[in-house]
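What follows is one chain in structure tokens, specifically the form predicted alone.
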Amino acid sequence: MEKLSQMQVKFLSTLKSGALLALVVVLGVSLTSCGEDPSNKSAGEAGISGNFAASGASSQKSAVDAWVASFGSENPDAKISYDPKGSGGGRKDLGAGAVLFAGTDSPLKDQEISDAATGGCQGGSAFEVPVYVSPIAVVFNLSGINSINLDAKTTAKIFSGAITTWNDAAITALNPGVTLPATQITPVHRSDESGTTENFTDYLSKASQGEWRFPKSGSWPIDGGQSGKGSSGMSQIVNAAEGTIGYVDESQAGKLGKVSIGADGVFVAPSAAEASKAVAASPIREGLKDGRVVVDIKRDLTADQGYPLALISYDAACTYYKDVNNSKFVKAWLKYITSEQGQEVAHKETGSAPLPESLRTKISTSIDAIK
């Protein structure tokens, strides 16, 4: 074979370099195409930034704190504030346009939806979706006693003032083997309008066999007595004095004694698992518009159906925001906190129950409709 000329060698060398460069380009394109699709970027990479205000239910405050920290790790330029002023205060703030979303332990009222349409939602409508499921714990302070049993009828008598001492015959009958003191009972209620109060009074009115004479209400229906603002305020008062009894989101119970509630000798302690069973056994309200997702918790559950004093805390938001950045944030926030990841974050921090998959599907459709 003839030797290649110097010109031929140079030509072949150039050809090989070009082919190598082309191969590198092709590989680069292939690797890029196998990488993350820009449309699948996290909310942080999509550019959620700004100052965003919210207020409402104190029950979900611990969960909100955990969500803010986790959401912020993906969205470092999003600054979120949450004022746990109570469900009623949050709903009023949403209607007035003072916040972008409101935490509430009870569904929106018709008047609140109307107020929001002409106020904070700027022509859109207000809607709510479940974000947090937890038991309401009836908590008490008695030295040396961590748990007692109460039925709805006896609980109603305690909070209405008909039963005044811890060794009352009605209480001792439900707690064989427990030595209860003659200590005066001091019921404690919420001083602010509260979805937790509304859920608690709903339970008493439906399950106490007529012993509770008041309708469900977010405001405590009996004048006087000890009271505290927010779940944390009530917990502080119950912690401070022997003989007290109150009701708080279970995440705020701390080391206080907890009541197992039930009937016919079967009692259920407050837990995330039992609250989740109660939600699963309760119907989703029909006929609601504008993406509203509301669950009507059954209060007359049998023991195998879960803990009847369960609470669903909602986030109420608007279907329309004039500022596209606000719309973008609310969508991203609600999507995150109702996702499997967001629900797991809340569970680890507060012991809350994850939302059932059937609910999460309906919730996702509502959130997608925000404009």
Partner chain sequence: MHKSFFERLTKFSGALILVVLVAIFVFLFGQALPALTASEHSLNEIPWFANAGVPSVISYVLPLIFGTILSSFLALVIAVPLALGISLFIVFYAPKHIRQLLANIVDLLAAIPSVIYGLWAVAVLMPMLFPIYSIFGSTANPPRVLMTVSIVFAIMILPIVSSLTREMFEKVPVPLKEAALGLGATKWEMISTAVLPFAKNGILSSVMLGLGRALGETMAVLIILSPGRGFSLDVLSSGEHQTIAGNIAAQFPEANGLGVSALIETGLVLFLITFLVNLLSRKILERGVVK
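Positions refer to the first chain, counted from 1. What you see is a predicted model; the values in this text were computed from it and never measured.
Quick note: we don't show the form predicted in complex with its partner chain, though the next part is all about it.
When its partner chain is considered in the model of the complex, G89 lines it closely, a heavy atom lying within 4.5 Å. Using a 4.5 angstroms limit between non-hydrogen atoms, G225 touches its partner chain in the model of the complex.
In the model of the complex, no heavy atom of D151 sits within 4.5 Å of its partner chain.
Under a 4.5 angstroms non-hydrogen atom cutoff, its partner chain in the model of the complex lacks E274 among its neighbouring residues.
Checking A162, V266, A169, A241 against its partner chain in the model of the complex, a heavy atom within 4.5 Å turns up for just one residue: A241.
The contact residue chosen from S125, N175, S282, S217 relative to its partner chain in the model of the complex is S217, the criterion being a non-hydrogen atom within 4.5 angstroms. Taken together, the three residues Q184, E193 and P221 all lie with some non-hydrogen atom within 4.5 angstroms of its partner chain in the model of the complex. Only one segment in the set 229-237, 283-291, 266-274, 126-134 has any non-hydrogen atom within 4.5 angstroms of its partner chain in the model of the complex, and it is 229-237.
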